[in-house]
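Taking the form predicted alone, here's one chain by itself in structure tokens.
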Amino acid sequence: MVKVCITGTPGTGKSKIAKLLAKELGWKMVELNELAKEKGCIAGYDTKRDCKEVDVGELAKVVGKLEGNLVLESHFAHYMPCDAVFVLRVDPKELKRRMKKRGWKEEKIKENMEAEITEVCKSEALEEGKKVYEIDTTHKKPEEVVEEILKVINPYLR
């Protein structure tokens, strides 16, 4: 069983790339936010950010029991048990454009841009002691990013 995590700041292309990767490999894709809701791994609600807070420790226990080859996707995927973490990155100017297009509030845009600039997901993944691979998605099509990921993981699948 192989578990690959796709993580990064919101707006870097995680969902689309994880879906394409899972389809290419014939694996199951797990949207960790959905799994957290389904399995009751919600710790509370963040009124400032207007979102549910996931209990990543409890969710990691759930993920650890999942069987089969999996592509795990979320901005906190790097906290899950996995064999490799792919941190998707994007130029902050492009990130801002994408978030504005989604209609996000200025405060949320600023917070996520700061997280991208300070490499929060990458730093957290490295602190977890994971094999971390960084991919800049700024000027790449999702299919190109999937090809990069496949080049890294294919030797492990043989």
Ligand SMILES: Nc1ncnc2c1ncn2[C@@H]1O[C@H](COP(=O)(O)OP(=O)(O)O)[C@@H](O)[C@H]1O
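The first residue of the shown sequence is 1; numbering continues from there. For clarity, every value in this text was computed on a predicted model and none was experimentally measured.
One more form of this protein, predicted in complex with this ligand, exists but is not displayed; see below.
Shown alone, this chain has one stretch from 42-50, 124-132, 62-70, 95-103 that lies within 4.5 Å of this ligand in the predicted complex by heavy atoms: 95-103. Although the partner is absent from this view, I149 stays clear of this ligand in the predicted complex, with no non-hydrogen atom inside 4.5 angstroms. Shown alone here, K141 lies within 4.5 Å of this ligand in the predicted complex, counting heavy atoms only. The closest non-hydrogen atom of A22 lies beyond 4.5 Å of this ligand in the predicted complex.
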